[in-house]
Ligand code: G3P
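In structure tokens, one chain follows: the form predicted on its own.
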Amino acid sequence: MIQNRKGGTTLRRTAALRQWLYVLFLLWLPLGLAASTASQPSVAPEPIIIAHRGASGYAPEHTLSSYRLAARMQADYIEVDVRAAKDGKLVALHDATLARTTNAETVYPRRAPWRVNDFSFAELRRLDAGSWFHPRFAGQRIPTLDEVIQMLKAERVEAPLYIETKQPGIEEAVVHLLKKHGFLQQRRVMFQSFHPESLQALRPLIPHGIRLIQLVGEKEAHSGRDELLQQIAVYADGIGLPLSAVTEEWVRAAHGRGLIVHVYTVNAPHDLERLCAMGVDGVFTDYPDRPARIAACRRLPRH
């Protein structure tokens, strides 16, 4: 009987000890999890979404309709390609010629090859820049950079501009216009160009913190990566790569040089997911609303 009491007492003490240990474990668990979480890197934001020539999958590129739609789709940046007309007026237009996106061949049949810089702004204004895309956009005009900014301000659009200088020599005029409208500041504008001399000309004209992105074509991206990145890092803050050329090695090498990586042009969800896994910093897309539907596009920050 005495042995049974001692055995029962021992069992009760063991059970009580286990209960206390369990309670202590429950008390420690939230603190342990918090400490564990704190030691892990936090989740980085998604890559920025840049509306390629506006929402150009839904409306004619580089028209006010396209920019307005991109803003409604909450793009992080709206890309505006800028070049000069014959009289120096800054217009929003991608191509060096007018044949693809306007009715210039009909309006000016004897002025082939219809180069933009052979036409005054008044002449450009006569052109229809929307019918080629869809009849419902008939009558859309080639806008000036000033009109694009005026529209964004009038409609209280917060999305900043991602300006591509399509030709060297327009940098001072672009900067002057942006400064006049209060857009020449960090988080209101970013610049890119295929022309290194254009970015180099912009550097002393703009405040510190406004980013310059060197665009690279497919041929250039497939040759001499390290040397190219070394050159770009001298005057630019990032590199714009074509979708066909971007690889994890490219992204890692660019980040190693302190350069951000933006990729053009990304329209398929599987491409976006792949690029997110690589850690790219931004993507150009014709459909700014599509990335918002992809919840898996998150990544851990690079070290």
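In this text, all values refer to a predicted model and were calculated from it rather than measured experimentally. Numbering starts at 1 and runs along the sequence shown.
From this point on, the text means the form predicted in complex with the named molecule, which you will not see here.
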How about E171: is it within 4.5 Å of the named molecule in the predicted bound form, going by heavy atoms? no
Distance check, D81 to the named molecule in the predicted bound form, heavy atom within 4.5 Å: yes
Is T102 close enough to the named molecule in the predicted bound form to count, meaning some heavy atom within 4.5 Å? no
At the 4.5 Å heavy atom threshold, is F121 in contact with the named molecule in the predicted bound form? no
Note: exactly one of F194, F183, Y108, F137 sits with a heavy atom within 4.5 Å of the named molecule in the predicted bound form, namely F194
Interface segment, criterion being heavy atoms within 4.5 Å of the named molecule in the predicted bound form, picked from 200 to 208, 127 to 135, 161 to 169, 110 to 118: 161 to 169
Even though the chain is shown alone, can you say which residues of 247 to 277 have a heavy atom within 4.5 Å of the named molecule in the predicted bound form? Y264
